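Read the single chain below, which is given as structure tokens and is the form predicted alone.
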Amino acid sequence: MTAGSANASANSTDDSEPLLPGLIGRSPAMQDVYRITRQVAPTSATVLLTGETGSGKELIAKALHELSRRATGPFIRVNCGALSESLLESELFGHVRGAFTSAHENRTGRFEAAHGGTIFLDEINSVSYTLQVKLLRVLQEQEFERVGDTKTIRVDCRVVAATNRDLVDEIETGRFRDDLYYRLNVVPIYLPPLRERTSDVPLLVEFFLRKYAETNRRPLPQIQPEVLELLQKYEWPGNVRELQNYIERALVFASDNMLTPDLFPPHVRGVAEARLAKSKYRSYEMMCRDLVQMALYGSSETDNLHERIVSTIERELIQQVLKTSGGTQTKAAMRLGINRNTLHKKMTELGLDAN
């Protein structure tokens, strides 16, 4: 979906939603992402990015920052899943000298560093329950204390959070605070996995080929037609990041200035089982979400089904997820991986009670 810094004009079309700098893709699913991102970027609203690992959440966070009035301010990224609770607290809020054994001097936290700009909290689902209380206060009051200090510090920064987990499930298991979820989920943006927008694969392949051909000072190779065909059939459990790696590898080993199928791993070519394939391990609700999205976005896997059968499947799946969500459309939409307006529209089309 995404990658480095692509030329936005190379991807724009007259009859589609304007694309964003650094983002690759023209599929309907991505057009929705671009539209929502452009609409919310100028505001100060907190944004929650959801989607699988490698789907491009950080690039959307950067776009939100660069298209906002805070663009001249700092963009600070924190990977909440990479640090323990104590280290993350110090990383986010800073500490004073003597706050703990290794605190030999005062330290400014990431929230202070993001003053006047945007802070991107990646893997927000990994924040401990205890630390979530302090995080909630910052979101609500824009103030906090450094670790070991009593002086209150006020900051002005926009918060963009991201997760590859279903936070509603995390709430139900007692690992995530519902009040923090509602404070983060002001504007949700769902990043579709690559398997749900395979029409973007050729654009991504071209982008990565140009990037790595330039990096390695090699001529831009030609692509055999069957290469794009097999890449569009593969499910990409690692999403755009996985595609990027395989394109770089193929370019390195390509001979005669030609990209051929044999340059890709056996599981990508369909002659061996993908070791990291997720389809066998998905929960029922994950399968529901994928089936609904295939129907909503016109996946080739459902295009040949009779319209009546597709409608019946959609109706049953939506009803099931609504039931497990206690009838709450916002919660059901999040579990299905679509926004609430899309769910409401689909329910109306299927004759379901959307009130």
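Residues carry their position along the shown sequence, with the first being 1. Here the structure is a predicted model, which is why all the values come from computation and not from measurement.
We do not show the form predicted together with a small molecule, though everything after this point is about it.
The small molecule in the predicted bound form is approached by E58, whose closest heavy atom lies within 4.5 angstroms of it.
Not displayed here, the small molecule is approached by N164 to within 4.5 Å at the level of heavy atoms in the predicted bound form. Using a 4.5 angstroms limit between non-hydrogen atoms, L204 touches the small molecule in the predicted bound form.
Interface membership of M30, defined by any non-hydrogen atom within 4.5 Å of the small molecule in the predicted bound form, is confirmed. Stretch-level contact check against the small molecule in the predicted bound form with heavy atoms at 4.5 Å: of 36-44, 65-73, 50-58, 313-321, the positive one is 50-58. Site annotation in the predicted bound form: the residue of K233, H267, R241, R249 reaching within 4.5 Å of the small molecule with a heavy atom is R241. Interface residue among F144, Y181, Y190, F208 relative to the small molecule in the predicted bound form, by the heavy atom within 4.5 Å criterion: F208. Relative to this conformation, a decrease of 3 Å or more in the Cα-Cα distance between I124 and T324 is found in the predicted bound form.
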